[in-house]
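What follows is a single chain, given as structure tokens, in the form predicted alone.
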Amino acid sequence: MRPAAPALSPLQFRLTAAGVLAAVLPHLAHLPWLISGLVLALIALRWLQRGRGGKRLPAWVKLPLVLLFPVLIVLHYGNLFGREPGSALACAMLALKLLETENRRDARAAICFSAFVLMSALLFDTGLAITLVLCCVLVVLFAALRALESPRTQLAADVRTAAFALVGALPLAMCVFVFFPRLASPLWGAPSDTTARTGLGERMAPGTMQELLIDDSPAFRVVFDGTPPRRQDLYWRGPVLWYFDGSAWSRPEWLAAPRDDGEVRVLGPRIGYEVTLQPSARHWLLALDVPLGAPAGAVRGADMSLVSRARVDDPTRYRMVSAPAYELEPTLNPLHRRVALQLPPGFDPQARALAQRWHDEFNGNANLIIRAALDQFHEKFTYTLNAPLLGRNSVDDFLFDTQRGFCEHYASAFTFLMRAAGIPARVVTGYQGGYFNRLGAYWVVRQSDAHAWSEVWLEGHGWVRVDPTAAVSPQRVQIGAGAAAGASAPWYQARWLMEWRNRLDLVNQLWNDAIVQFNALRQQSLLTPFGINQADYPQLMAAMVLAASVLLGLFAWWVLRASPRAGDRLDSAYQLLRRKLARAGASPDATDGPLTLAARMALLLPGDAAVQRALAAYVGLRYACALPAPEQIRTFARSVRALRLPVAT
């Protein structure tokens, strides 16, 4: 019969369970709360059950759990296939594997599966922060594997060895990353998830942008070819919203059709720049107002919004040219006029009456009507992120009751008033401003810079930008979202913290450039300095083998050139003992063993029992057991250091 596999010691099990828990933690942010709770509960219960000496769980307990998790995943996602359902199932199965982990074979399987689950976390985020977290988790897994090799393991020594192993593997890992031929599309071919990440949407209602305004993560980064515009002129155009149903603004799909590309007359200098857009799981591209074209793989709609044909699931880089001074659609399309004057019947009667009064008072003069609306905002309204909730007649509630809100409240109300006064108007969403990173010489625009403004059509001028938020809080445009938020977001006031985050953003930018955006095209151009303009797979493999051979050769040279080590701690203590015996007159040569030295010292110092005890202890530690305990070695070393012998004359 095959002998039973060795059972796990308490420390070995704890390290294995810690590795399983560490591999699951990076997934908790995107797992459903029910599955996350069950996975964590199983790991915690197994830890407690094993700590109290519990036996292996019976099959009638584990089998229902094996069936429960797939059912929960199907009920939540609709299937078991895809990135999120697959990762949820993998985390659940890993927790169930821990329930039956009793011996070293099971522990090795659980640790290897943990490494697979850990790798799948990179399907959701490839940033520098998550990569560093995964490296720390790998140290835990390596330490658990090392602990399985010895029944008398030491936690600190295992973790230290695991960290050294990870650092030593990095050069070869980078070599494979750079030269191993990569595919243009993911190998696994799993369907993409449809969960939208933080970003601008196709609808805007009061309160929908608040999540963005308190999100400090980068939305995109920009490098200008020359002198950039002033900060207050940095309006980054996103979705343009035309339809209003009484509660939310939305955008008709037909406006993205390239057959009607809009008419733009450039009135000033053109500005060239490069945008690196962070993943948003949406189709919108951002550009400085207004873009003069569309990048490859995108279309520019009649309202100057840019729509990518493919969803932005990865960092996307594209070049743009914009004209800050422009005349947009000087002759208004009749269909655009009709849509830009649309208002839902039966909503906001007070706002309609106010707009009609302005229309009659100023004889339909658009400039005077606009000025009246902006003056009212400036005199009576407050900019705040803690805006009160609005009812069915949201515009009336905002204008005549709460009078407190942020950019989307003002853009929505102003656009409604303009339409009610007979002036074509629409809402533009995007970002405003940005922070110039002097270290990296680029601008970073964060989600908290999200903004909404209005465009009105004026005879002889076309579509003109009007930012009603600037009338209420000019510092929002001149300084930034943090200054405008004021007391409604106290964490914005820690400017030193924002400065450090912006400096650290340079590290993230370098990581994105060097690692995340290292694709097949950049890899094929690696060998250009050697005369190979577009390297194929055999050439890349040859370069990888050559680079790996050089790295291994350098490592072998470094190991061989190092002076021979004195051995482990036991040998070091024994060598100290031999030197003390030599000074006492034993004069040992390299071939003398400890028993020979003991006999010689018995003649030289017949009454000294300490020497005999030290030599006998070394013989017992070195030859009587395969692996002496660290405590015994430390005791022997202390006794050797404390040994005092007379010096021979």
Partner chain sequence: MNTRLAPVPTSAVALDPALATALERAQAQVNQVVLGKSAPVRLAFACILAGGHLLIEDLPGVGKTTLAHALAATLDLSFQRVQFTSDMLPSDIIGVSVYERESGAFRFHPGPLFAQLVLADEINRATPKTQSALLEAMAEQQITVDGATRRLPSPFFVVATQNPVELAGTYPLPDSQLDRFMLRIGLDYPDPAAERALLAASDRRELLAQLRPCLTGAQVLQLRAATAAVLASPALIDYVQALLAASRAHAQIRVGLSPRAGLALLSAARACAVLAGRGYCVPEDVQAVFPGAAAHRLIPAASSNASRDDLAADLLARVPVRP
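Numbering follows the first chain given and starts at 1. These figures come from a predicted structure and were not determined experimentally.
Absent from the display: the form predicted in complex with its partner chain. The rest refers to it.
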{"item": "In the predicted bound form, Lys580 touching its partner chain (heavy atom, 4.5 Å)", "value": "no"}
{"item": "Thr596: touches its partner chain in the predicted bound form, heavy atom cutoff 4.5 angstroms", "value": "yes"}
{"item": "Touches its partner chain in the predicted bound form: Asp125 (any heavy atom, 4.5 Å)", "value": "no"}
{"item": "Exercise: Gly37 in contact with its partner chain in the predicted bound form, heavy atom 4.5 Å", "value": "no"}
{"item": "Location of its partner chain contact in the predicted bound form, chosen stretch of 103 to 111, 568 to 576, 465 to 473, 117 to 125 [non-hydrogen atom, 4.5 Å]", "value": "568 to 576"}
{"item": "Whether Ala590, Gln612 and Val619 all lie within 4.5 angstroms of its partner chain in the predicted bound form by heavy atom", "value": "yes"}
{"item": "Heavy atom within 4.5 Å of its partner chain in the predicted bound form - the one residue of Leu48, Ala624, Val66, Val61 that qualifies", "value": "Ala624"}
